[in-house]
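As structure tokens, the next two blocks hold two forms of the same chain, structure 1 and structure 2.
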Structure 1
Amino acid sequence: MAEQQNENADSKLIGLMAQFDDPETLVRACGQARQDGYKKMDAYSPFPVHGIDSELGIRRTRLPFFVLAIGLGAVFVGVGLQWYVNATSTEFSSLFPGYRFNISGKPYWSLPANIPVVFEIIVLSSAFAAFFGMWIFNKLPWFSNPLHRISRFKRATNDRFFLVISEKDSQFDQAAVEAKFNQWGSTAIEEVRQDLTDTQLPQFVKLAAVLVLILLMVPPVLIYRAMGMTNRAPRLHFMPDMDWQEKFKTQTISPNLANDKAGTDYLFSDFRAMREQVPGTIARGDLEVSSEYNHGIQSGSTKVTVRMNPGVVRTGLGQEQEGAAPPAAPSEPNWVTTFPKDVNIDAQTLARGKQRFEIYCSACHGFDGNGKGLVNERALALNAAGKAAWTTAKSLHDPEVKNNEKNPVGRIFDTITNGRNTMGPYRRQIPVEDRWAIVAYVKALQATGIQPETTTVGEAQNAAGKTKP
């Protein structure tokens, strides 16, 4: 006979448990129970027992398919949500309308641009599906396990093996199951009873759940309230990041090191954050050692001052001075007539010069240097209509421009660097090396009279007055 637990009105029978002394007997009993038609049963062992899953009739988990279904659903949710909020307006809902966000004339809806968000929502939803799906398929959480009330079941983690047949099984009969257990070689049989009080939540858990639900309603209420009102108070900033770091900002006062409200501990005595360059210093990598290479002027030559705009004086070395009057007759410096030794005229340099020329120069001078660029043509049309004031761009094939004596390579380099007449300077946009590459390409243009797709290196060097090495 089975050992009986003390029965009372607050418990109910949920199954019978049989104890076995070795895993082989347990596996054999599971197989026989399945052959006899029992389906709602489970086995317990201190270690994994190979082959017991098939004997119990345990099928493979459906969790992967559940996760896949949730992930696929997330694809439609992610794509649909982005399409609704970005590509629709008020035709579907006036309460929660979408907003057509026009970005540089791009399409309102483009699937590739929305792939990252879809990927992220798939990962997030799949992770939640795997976590909560495991709880659902395992019927968790259990507030209590009635097996833990049986003292001998504690040996399930040590040296004993157990088989439990649930009373929910359609063939369950207590007397018949006990007889089967004895027939299958069990060493002990006990009733498994569920204490009805174990299924009730503690009072403090119920109270905590109610409080949490009340607190969860607070944010939506505050959001709804804020949607219909204005507020002059600053927004809450939970993560300041780098918004209030001690740093210099343009057009502001310098940082207050001690955060002194009296303003007595600022970094600079004049309170200014923007500072002039320290006299005698130069930025790393900006040291101009060679006058020929950096300015197109031969060493020992004096600076030249050329008037650019009213009230602005430009020197040959790229310096500007506001408010100074230009000289009456500016003198030309001793420009270099051949490329400096630091400039290597080869096919790669010409290709680089062609690329830079088409980016910075062709808009006004044209791709072939004839002075008929798109900007120049459009400005001349506006000029003729009285809507603009424009000076015609120079043709690089003009005999005066092509004259190596009046317009040597050093002067062309200075024109690109500091501008000339109505042409602005490009020293900030174009590095020194690229300026010389443009000069080489300009001389090649002048030598051929056409866009030099096939201009040889020798032609470019000869046009610049430099012999081929």
Structure 2
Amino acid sequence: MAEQQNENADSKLIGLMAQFDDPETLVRACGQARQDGYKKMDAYSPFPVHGIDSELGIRRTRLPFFVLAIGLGAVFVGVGLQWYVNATSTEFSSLFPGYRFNISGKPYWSLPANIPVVFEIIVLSSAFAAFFGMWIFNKLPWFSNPLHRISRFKRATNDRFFLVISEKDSQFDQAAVEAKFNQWGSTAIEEVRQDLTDTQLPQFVKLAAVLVLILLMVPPVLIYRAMGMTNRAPRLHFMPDMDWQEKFKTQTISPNLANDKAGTDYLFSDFRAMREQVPGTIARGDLEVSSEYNHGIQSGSTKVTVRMNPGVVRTGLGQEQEGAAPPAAPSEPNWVTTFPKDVNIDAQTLARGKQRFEIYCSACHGFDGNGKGLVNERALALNAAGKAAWTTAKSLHDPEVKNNEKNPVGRIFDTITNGRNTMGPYRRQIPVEDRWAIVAYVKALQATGIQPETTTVGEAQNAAGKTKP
């Protein structure tokens, strides 16, 4: 007689469980149960037992066919959707018309173009079919199994083997099944009972589910509403990064951060946007100890800072008077006439100077310094068309420029550093050392004595290639 696990009137018999002590008896019992015509049964063992599937009469899983069916369905959905949105317009529905988009005159409908998307849809839906199909076929989720209420059954994960015949089986008869179990060598038999009181979901779970469902409808409603509305507010900026940060210009008054009238909320208490340099310190790389080396001017001499275009007199801010009497030529400082001692004039420096010259100067001055660089050629063409007012870069072979009295190395250095007249400064692009190397190369170029009038760009490039300083 089976032990009564639960006499509660609220429980219902759902099957009989037999315990076996070894896998062989279990497999034999399964085979006999199947031969006796039982179908709704299941076996439990601590480890996989070979051959038990066939003894229990378990069929192969139908999951692959389910996945195949869903995958084939995905082909039709994928192809159909793309065809609907790309190749149709209002034929099927005026409310949801497809949207024909002419892309470089390509056909609206062409199968090859749509295959990648179809492939992806197949992969995605098959994966979902396999995952959720497994749940469906296994009747998951199943929150509680009545077998777990039988203490004996705990050993199913350790050293005992169980066969359960369900009450749903058409042949089920409690007395007959118990007799069979004993006959097949079972060491214990128990009723499997389901507690009818715990099959219901708690009330609060149902309530929460309803609430969540209602809340889920809110975002679509809001989105739908926003689609039909205009809005003056800027778009939501989820990640501001540095888009809205305060911008301070160097050495200006800091904007009043909080916009408060009392003006107490400045970035710094002295109202500056940035800190002053600490007195007596020099930023790295800004140390200019040698007037000769850093400015090309003999020490003790003052630097010229005022530069003007001849013939243009500045009378005030931004006002220029054309044709006024030219101002007196600004007095020149005492340029160094020989290279400062920190500059080594050797093959290495000249090679460096040549390379830098060709990068920074040749565009305007040409490879051989005749002023016929590529920029110049283009600018002259624009000049001719009236689209530009270009001043040809001076030829470095111009007697004025070449003259060592008028244009000593210090002055050429200064021309590169601060620019001259219409030529811009290059102090930010070219470090001091390289500027001196360029000066050396310019001097070497001038010494070659190339006749600029007869040189074209191509010839100049050839000449520059051949010229060895």
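If you superpose the two forms and keep the largest set of C-alpha atoms that fall within 1.5 Å, you have the rigid core. Reference numbering: structure 1, starting with residue 1. Here the structure is a predicted model, which means the values were calculated and not measured.
> Among the two displayed forms of the chain, which is the form predicted in complex with heme C?
Replying inline: The chain shown as structure 2 is the form predicted in complex with heme C.
> Cα of residue 42 displaced 2 Å or more between structures 1 and 2, core superposed?
Replying inline: The answer is no, as the C-alpha of residue 42 shifts between structures 1 and 2 by less than 2 Å after core alignment.
> Honestly, after the rigid core fit, is residue 158 moving at least 2 Å at Cα between structures 1 and 2?
Replying inline: It does not reach a 2 Å shift.
> So, does residue 172 move by 2 Å or more at the CA between structures 1 and 2, with the core held fixed?
Replying inline: For residue 172, whose C-alpha is compared between structures 1 and 2 after core superposition, the shift is less than 2 Å.
> Aligning on the rigid core, what is the distance the CA of residue 283 moves between structures 1 and 2, in angstrom?
Replying inline: For residue 283, the alpha-carbon shift amounts to 27.8 Å.
> What Cα shift, in Å, does residue 231 show between structures 1 and 2 once the core is superposed?
Replying inline: The shift comes out to 2.5 Å.
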